[in-house]
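Here's a solo chain for you in structure tokens, the form predicted alone.
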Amino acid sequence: MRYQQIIYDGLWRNNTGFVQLLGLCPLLAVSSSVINGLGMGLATTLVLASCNLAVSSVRHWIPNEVRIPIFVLLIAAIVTAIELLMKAFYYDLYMVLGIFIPLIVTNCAVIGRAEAFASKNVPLASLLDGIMVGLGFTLALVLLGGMRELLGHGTLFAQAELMFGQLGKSFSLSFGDNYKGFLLAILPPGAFFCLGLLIAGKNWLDARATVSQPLYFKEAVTTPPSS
């Protein structure tokens, strides 16, 4: 049951973007389209999963007094490796996301999960937690990017070729050639408005689902025992 709770917690109940409101800088800055949000979300997921696994694997050998600097060092090394991989294989997407890839090092969600979860739990649970928290963040990025792209440009999955190559050109959807776009949606204030609407929608869904949820979803998530 604890793994079901980890999945539900990361994806929905304590979603990084909609509940904890961590990592707002990349969440609001790069979510101008679905593809930008998906690329940033997957990169962050890979960082979270790798860092959680690394921290959990060496937690018994890290002195408590210097654990935070060591966590930051591990995160920086992993982010650098992922940045180089993106630069090598997804250069166009890397150029679009720009400085926000190396800034994953400063994302509060990454260091927060390393300190609050991975440093206290076994590697398998920590890996799952990293994946689920990352996918929850990706979900927030994709929904926010889709909402802003649709309102701002009247399209969805524009420039999908940045991630999927020539095949991605067939993914693009347009909802009217005469649509002039809603400029506010793609500007920074529009990001805040759209995020607020998505948070309100999540809260409404949670309120509707309270009665029908399984008991273990209603209870506070207990931390899996460490070894």
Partner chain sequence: MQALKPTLWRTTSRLTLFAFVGAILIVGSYHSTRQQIVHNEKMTLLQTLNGLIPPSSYDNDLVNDSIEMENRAFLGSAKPMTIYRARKQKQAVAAIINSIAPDGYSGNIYLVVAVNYDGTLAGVRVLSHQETPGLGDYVEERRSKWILGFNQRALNNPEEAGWKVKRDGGVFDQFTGATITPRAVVKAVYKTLLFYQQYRDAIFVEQVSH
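Definition used throughout: the rigid core is the maximal C-alpha set that superposes within 1.5 Å between two forms. For clarity, every value in this text was computed on a predicted model and none was experimentally measured. Residue numbers count along the first chain shown, from 1.
A second form of this protein, the form predicted together with the partner chain, is not displayed here; the remarks below concern that form.
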query: V58, L84 and Y91 all contacting the partner chain in the predicted complex, non-hydrogen atom within 4.5 Å; finding: yes
query: Option touching the partner chain, based on a heavy atom within 4.5 Å in the predicted complex, out of L46, M163, I199, I62; finding: I62
query: Heavy atom within 4.5 Å of the partner chain in the predicted complex - residue from L28, I70, L53, L42; finding: I70
query: Which of 123 to 131, 136 to 144, 109 to 117, 73 to 81 sits within 4.5 Å of the partner chain in the predicted complex, heavy atom basis; finding: 73 to 81
query: In the predicted complex, L187 touching the partner chain (heavy atom, 4.5 Å); finding: yes
query: The partner chain contact at L183 in the predicted complex, heavy atom, 4.5 Å; finding: yes
query: Residue contact check: L173 to the partner chain in the predicted complex, 4.5 Å heavy atom; finding: no
query: 4.5 angstroms heavy atom contact with the partner chain in the predicted complex for L167; finding: no
query: Large Cα move at V66 between the shown form and the other one, threshold 2 Å, rigid core; finding: yes
query: L42 and V96, C-alpha gap in the predicted complex relative to this structure (3 Å or more); finding: closer
query: Sense of the change in Cα distance from D92 to A191 in the predicted complex - at least 3 Å versus the shown form; finding: farther
